[in-house]
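In structure tokens, the next block holds one chain alone, the form predicted alone.
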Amino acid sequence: MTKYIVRRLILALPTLLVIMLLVFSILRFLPGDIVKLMVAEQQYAVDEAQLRKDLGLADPWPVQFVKWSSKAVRGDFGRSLWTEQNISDELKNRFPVSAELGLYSIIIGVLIALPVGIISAIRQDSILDYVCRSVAIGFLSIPGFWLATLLLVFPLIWWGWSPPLTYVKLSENPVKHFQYFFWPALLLGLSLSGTTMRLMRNQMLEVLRQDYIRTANAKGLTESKVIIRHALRNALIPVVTVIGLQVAAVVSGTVVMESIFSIPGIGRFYFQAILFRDYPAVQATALFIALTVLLTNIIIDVTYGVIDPRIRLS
């Protein structure tokens, strides 16, 4: 296992290099001169030449990339032009908030998707199955930001109530802290559960048709033991892959949810950095998010061996 993890980390280095190159290049391929846009729209500086020098844009592209990447690998992303704070400190302070929201969303999505998917497979083609599949399609189809907007507007109009919009630290008030995260996590979790629910159902149906499941039933095992001991672990392998891939969806979803619910996380920081043409912050945040997804994929690969011992990671 240890050798496998080390090998995966080494193989991730070329991917990391490609990610850094893409993050560095995309902003420079945007139409127009970013410095002129920043000065015209946000008035970061009057002297364009000085701003270009401060951003490291006066040098040729290869030199710019070497300077930026050498600092980035040390965790030095410079200062935000918008907040005037150290970007590394901003990411470090905001990451726990976004990670907490993402974790709650995935937990809620899994708690909804796995039981419903299993029940739908066991009761195939029943009314319950049709209802579960319709719910899954509904969760996939309805945009989370639309539900979030409805949640903020209509309860306030009808009952004078709205979800909490002021961030409270866990150490200050645990109850208000969880109340603050509940609604955005629920809406994001519902949208994530649709895909997992459908995949869980399909995988369980496939596994339940296997010969060893028929043998377990013939031996007189109860339905619950057959499902939990024999069918569920094998059906979970592709599902775990999808849950891992949903980290990217969570990242994109938190950008929207954090902006709507005023959550001081990385997603909101990223959105505001784009809005204010904060060039260094956009570049650093995009790299940070890409690294989070990359490390999550490595963790998911290692999880395969834990779920199914037949998979030899070494």
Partner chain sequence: MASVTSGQEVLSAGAVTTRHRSYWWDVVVRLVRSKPLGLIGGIIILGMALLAVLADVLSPYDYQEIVASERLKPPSATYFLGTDNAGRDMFSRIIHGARISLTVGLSAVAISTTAAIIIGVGSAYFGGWFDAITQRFVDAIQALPGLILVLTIVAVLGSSVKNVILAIAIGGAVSGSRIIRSAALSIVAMPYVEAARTLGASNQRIIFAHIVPNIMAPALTLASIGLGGAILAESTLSFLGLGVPPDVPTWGGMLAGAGRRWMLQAWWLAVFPGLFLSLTVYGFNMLGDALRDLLDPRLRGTR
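Under this definition, the rigid core comprises the largest set of C-alpha atoms superposing within 1.5 Å between the forms. All values reported here derive from a predicted model rather than from experimental measurement. Numbering follows the first chain given and starts at 1.
There is another form of this protein, the form predicted together with the partner chain, and it is not shown here; the text below is about that form.
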In the model of the complex, does each of 70, 107 and 180 have a heavy atom within 4.5 Å of the partner chain? no
Please run the contact check for residue 195 against the partner chain in the model of the complex: heavy atoms, 4.5 angstroms, yes or no? yes
Hey, in the model of the complex, does residue 277 get a heavy atom within 4.5 angstroms of the partner chain? yes
Heavy atoms within 4.5 Å of the partner chain in the model of the complex: does residue 232 have any? no
In the model of the complex, does residue 174 come within 4.5 Å of the partner chain, counting heavy atoms only? no
Which one, 157, 218, 111, 165, lies within 4.5 Å of the partner chain in the model of the complex by heavy atoms? 157
170, 99, 142, 122: which sits within 4.5 Å of the partner chain in the model of the complex by any heavy atom? 142
Only one of these stretches, 75-83, 223-231, 126-134, 99-107, has heavy atoms within 4.5 Å of the partner chain in the model of the complex; which one is it? 126-134
Taking heavy atoms and a 4.5 Å limit, what residues of 248-279 are near the partner chain in the model of the complex? 248, 251, 252, 255, 256, 259, 260, 270, 271, 274, 275, 277, 279
After superposing the rigid core, is the C-alpha displacement of residue 164 2 Å or more between the shown form and the other one? no
